[in-house]
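Next up: just one chain, as structure tokens, the form predicted alone.
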Amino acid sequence: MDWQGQKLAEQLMQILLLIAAVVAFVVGYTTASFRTMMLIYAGGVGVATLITVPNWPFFNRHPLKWLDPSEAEKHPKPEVAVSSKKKSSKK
């Protein structure tokens, strides 16, 4: 899954959970059944999970281009500057 695919999955999850919550609340309120409300919401969570968790092809529309290993060897890694000063804790 690429970065834009992750963003799309997050947006889809939020929209689907919001729709499930609204539908569950309205149906639960009109039928005066907490159980029905929770079952509808659980079904919505299940549908949102099935849509957003697997790595579907539409989440991979913008693949990342990784650096070829032979090219990576031509460019050395930057070195971290290490400070040689140490603070003494004794007085």
Partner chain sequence: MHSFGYRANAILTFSVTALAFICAIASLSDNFSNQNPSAEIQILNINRFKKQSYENDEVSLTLDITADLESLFTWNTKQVFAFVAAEYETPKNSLNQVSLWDAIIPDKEHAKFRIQTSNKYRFIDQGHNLRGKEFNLTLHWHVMPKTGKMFADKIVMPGYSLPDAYK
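Here the structure is a predicted model, which is why all the values come from computation and not from measurement. Positions refer to the first chain, counted from 1.
The same protein also has a form predicted in complex with the partner chain, omitted here; what follows describes it.
Margin query: At 4.5 Å between heavy atoms, is G43 in contact with the partner chain in the model of the complex?
Written below: Contact with the partner chain, no.
Original post:
Counting only non-hydrogen atoms and a 4.5 angstroms cut-off, does E10 reach the partner chain in the model of the complex?
Top reply: Answer yes; at least one heavy atom of E10 falls within 4.5 Å of the partner chain in the model of the complex.
Consider N60 of the chain shown here, and say whether it contacts the partner chain in the model of the complex, taking contact as heavy atoms within 4.5 Å.
It does not: once the partner chain is placed as it appears in the model of the complex, N60 has no heavy atom within 4.5 Å of it.
Q.
If we define contact as a non-hydrogen atom of the residue within 4.5 angstroms of the partner, is S70 a contact of the partner chain in the model of the complex?
A. Taking the distances in the model of the complex, the answer for S70 is no, it never comes within 4.5 Å of the partner chain.
**Q.** Contact set, 32 to 64 vs the partner chain in the model of the complex - heavy atom within 4.5 angstroms
**A.** In sequence order, A32, S33, F34, M37, M38, Y41, V45, A48, T49, T52, V53, P54, N55 come within 4.5 Å of the partner.
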